[in-house]
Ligand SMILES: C[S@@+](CC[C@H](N)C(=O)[O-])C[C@H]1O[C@@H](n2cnc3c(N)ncnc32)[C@H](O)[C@@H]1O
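Here you get one chain, nothing else, as structure tokens; it is the form predicted alone.
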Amino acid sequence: MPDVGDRIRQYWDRDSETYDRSPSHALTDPVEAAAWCAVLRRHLPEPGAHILEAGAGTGSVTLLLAELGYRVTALDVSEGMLARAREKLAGANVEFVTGPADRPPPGPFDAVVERNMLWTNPDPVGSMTAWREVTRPGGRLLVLEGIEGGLVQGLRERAAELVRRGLGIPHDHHDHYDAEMDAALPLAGAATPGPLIDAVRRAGWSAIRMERLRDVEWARRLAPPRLLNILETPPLVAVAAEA
């Protein structure tokens, strides 16, 4: 049987076929995209800086970074996901690198950004340590994650599945992780930001701070179908730090 890393890569290769049908994945809703742009500008250096985007996926955040004027190196373990990103960003100032998160290209980078990747990472501390090592002194880390664990969130997810069935809306992912894969992921199912912040600290980053992204949550919940988006939008946080 393939190891967890290979199974994760295979999962996202398959998921590249369905991932972008969700507006919150593809960031095709202009209101939500504008809210994410504001987050990026609040926490990143001035445009023109060289950004490593770890877990770039289909390039939704990559596109926003490029449009804001950043030079981006987009890293992802899934060639299937990066193939979609290359289509979106043809002609943009972006370098694409296929590989695992804990083996980034050498840099040096002015900042590292990730969105919704650390929860699916078997070694988040090791990955963020590797990112710090390719970031210039004083460079920045910006982690963007949803806090999707806990009893209340589980109830919301079950209610959302009923709404999807009633409206005939297919799920955004082709499948779920199985219990064995979930058990191998330290941040999967975290009910608070505490484990995420602790992982950033243990990876050697400093000046750690957190922001609840209520503007992004609000924008996402405005988009139709509103009931589904209200149920499926978890608390979203930005954790920023310095090398």
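A residue's number is simply how far along the shown sequence it sits, counting from 1. Keep in mind the model is a prediction, meaning the values are calculated, not measured.
The same protein also has a form predicted together with this ligand, omitted here; what follows describes it.
Asker: Do all of L44, L63 and T73 end up near this ligand in the predicted complex, with near meaning a heavy atom within 4.5 Å?
Answerer: The answer is no: none of the three residues contacts the partner (heavy atom, 4.5 Å cut-off).
Asker: Go through M81, L89, A111, M128 and name the one with a heavy atom inside 4.5 Å of this ligand in the predicted complex.
Answerer: Flagged contact: M81.
Asker: This ligand isn't shown here, but in the predicted complex which of A85, V94, L141, A101 has a heavy atom within 4.5 Å of it?
Answerer: Flagged contact: A101.
Asker: Mark A56 yes when one of its heavy atoms lies within 4.5 Å of a heavy atom of this ligand in the predicted complex, and no otherwise.
Answerer: Contact with this ligand, yes.
Asker: Please run the contact check for R221 against this ligand in the predicted complex: heavy atoms, 4.5 angstroms, yes or no?
Answerer: R221: no contact with this ligand in the predicted complex.
Asker: Would you classify T135 as touching this ligand in the predicted complex, given a 4.5 Å non-hydrogen atom cut-off?
Answerer: So T135 does not count as contacting this ligand.
Asker: Might I8 be said to contact this ligand in the predicted complex, defining contact as any heavy atom within 4.5 Å?
Answerer: Taking the distances in the predicted complex, the answer for I8 is yes, it comes within 4.5 Å of this ligand.
Asker: With the partner left out here, which residues of 100-129 have a non-hydrogen atom within 4.5 Å of this ligand in the predicted complex?
Answerer: P100, A101, R115, N116, M117, W119, T120, N121, in sequence order.
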